[in-house]
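We begin with a single chain expressed as structure tokens, specifically the form predicted on its own.
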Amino acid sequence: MAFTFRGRSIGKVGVIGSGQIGPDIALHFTKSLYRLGTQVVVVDIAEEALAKGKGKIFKKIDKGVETGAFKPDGADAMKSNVTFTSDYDQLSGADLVVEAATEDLPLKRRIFRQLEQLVSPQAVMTSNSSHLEPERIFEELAHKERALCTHYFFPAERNPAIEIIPGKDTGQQITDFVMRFYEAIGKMPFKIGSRYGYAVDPIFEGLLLASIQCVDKGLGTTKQVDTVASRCLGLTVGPFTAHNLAGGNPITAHGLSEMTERINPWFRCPDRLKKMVETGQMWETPARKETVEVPPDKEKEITNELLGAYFAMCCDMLDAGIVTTSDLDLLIATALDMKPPFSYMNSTGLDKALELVESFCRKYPGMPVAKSLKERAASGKPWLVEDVVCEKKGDVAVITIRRPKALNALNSKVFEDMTPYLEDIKKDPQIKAVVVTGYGNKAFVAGADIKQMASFTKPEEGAGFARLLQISSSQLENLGKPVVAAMNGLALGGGNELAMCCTARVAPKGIKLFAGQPEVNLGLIPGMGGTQRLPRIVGFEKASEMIRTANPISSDEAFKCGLVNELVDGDVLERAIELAREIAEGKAKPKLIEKGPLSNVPDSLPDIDIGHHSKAIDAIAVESILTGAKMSLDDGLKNEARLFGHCWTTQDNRIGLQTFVEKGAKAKADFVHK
């Protein structure tokens, strides 16, 4: 057995290095791939390091059993799936190898020279470097086209962020494969341009430098600066605590020293950090739940200093051209668990952000004031931070809804971000078709913004909201070009409704919890077309069952009832792109949705057990299904929006939405059927 993905079989994964991060990388691989039979081999020349690495992985797996994250038999399988060895020949036949050795260029080059002789020319080779450019690491390889850097973040088995850094010789197909592979196994990959330190480490290490500068200037102790940094940057732990936890002082000291020449003169290794590395000491940081007092005037100075440094470094990344605002915003928020920089500047005000940066750069002339920040502040427009990204794959445009923390749930901003792309696609003669998908491996789109709906008090607010979403989502249906939904995971509520606006839908095989219309759980009916398109696609009986009971269906059921057109083993996106192109070329002709009144509308819907759900809301749902089916699709949608708003005239609507807000999605509302 092996994990087959995009035409590649991953039967063996190698991890070189059993030190600080290698075991955690191996743990992520075995957690993600053990069920598929993919072996994981950890190689290190030091037996002591191998023993420690094995103990580290096993301890974390055992902890997962204690917390209920893993079942005992799964934990045993994960453990048996990992081999620890000092024999490099065990990497023979590996399809993917991640080198996670010490950040030492000659050492890395020696490892890859040896590795290239062991693996096939088709194998992917990556270096988990935190700083070194791929061009330097892989300079001596004969097959540079299949090598690139992958930078994990602490803790590697749980932190979803990963930087993907192709070199100038890396093949585009290899880069595409690695990006999609990591997304498929639960990571959030970000493609970053080749520059020393990549996108995150100069910021992570630079914040430690800025914090040390505050201490050196007498603005506070390490405890105080750590406390203020946590507050002003939204960090779970401050820079000093983070370096203690990750053992990061030595690598940060080296990185800051190199950045002086490779990025700008502000970066340097301060004497205080050099001393900590020489002595092996830890920073003095706040104890758990310790209250650290900071005088208000000092807190303000520290805050301004840290924000000036943070904003300056992030804008410098834009000037370097290695990352976009949207990518860096999400990457920093995920990798470092802190306030996303460009969203933060937008909320602070760009004039204020520029003022903080200029003040910082006057104190430290080695740091330039970024051209991008000056231009953006002068424009009077906020930074563009999108929840939707678009990429051209030849003559097919791929639109990805990217709100991973919300499982890609829809809100008004998603449609605001998507609309310009659709307008451009409509006008672009080179784009023949479109694919819409969700980011990650968990969800296509897991619904809509319920908290926004919970704030409504009047029927017309609900009706207006539904109509706005209907019009926005109908842009896909009326684009004039084929649109295929690559339903990569959960599709609930508005997510399923968005997919039904597409020409065709593709889903993975074997997903037990896949698609559904759970609105009645909230004292609502579907409002983005669910009561109109679902009967037209799967028939009245199945649509009635899904809408009135809120019971989700599996991907296999979705295929059987016609909700999805194809089930796929492997990469759903790849097949969706192929299908979109086939439809555009006339090679595939999926059944299109009926846009006129339906001729087979029953007088009533079958009796059904609606369980605890509201009878009052059920009556509205039935009315929407039956009356709308006798109308054109456009009129049926307007009728659905009106009836969606009518839910706000019921007590059960308030009960359902309030229960969700106060108790969460799994809580059952105590409906009174009024």
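What you are looking at is a predicted structure, and each value in this text was computed from that prediction instead of being measured. Just count from 1 along the sequence shown to find any residue number.
One more form of this protein exists, namely the form predicted in complex with a small molecule; it is left out here, but the text below deals with it.
Trainee: Heavy atom to heavy atom, is Met528 within 4.5 Å of the small molecule in the predicted complex?
Mentor: Result yes; Met528 sits at the interface with the small molecule in the predicted complex.
Trainee: Considering non-hydrogen atoms and a 4.5 Å limit, does the small molecule approach Ala406 in the predicted complex?
Mentor: Ala406: yes, in contact with the small molecule in the predicted complex.
Trainee: Could you tell me if Glu205 has a non-hydrogen atom within 4.5 Å of the small molecule in the predicted complex?
Mentor: Contact with the small molecule, no.
Trainee: Quick check on Leu476: any heavy atom within 4.5 Å of the small molecule in the predicted complex?
Mentor: So Leu476 does not count as contacting the small molecule.
Trainee: In the predicted complex, does each of Asp44, Val82 and Leu118 have a heavy atom within 4.5 Å of the small molecule?
Mentor: The answer is no: none of the three residues contacts the partner (heavy atom, 4.5 Å cut-off).
Trainee: Just give me the single entry in Gly493, Gly438, Pro239, Pro341 that has a non-hydrogen atom within 4.5 angstroms of the small molecule in the predicted complex.
Mentor: The option sitting close enough to the partner is Gly493.
Trainee: Just to be sure I understand the contacts: of Ala576, Ala466, Ala558, Val434, which is the one whose heavy atoms reach within 4.5 angstroms of the small molecule in the predicted complex?
Mentor: Going through each option in turn, the one that passes is Ala466.
Trainee: Among 448-456, 320-328, 503-511, 584-592, which stretch has residues whose heavy atoms lie within 4.5 Å of the small molecule in the predicted complex?
Mentor: Result of the contact check: 448-456.
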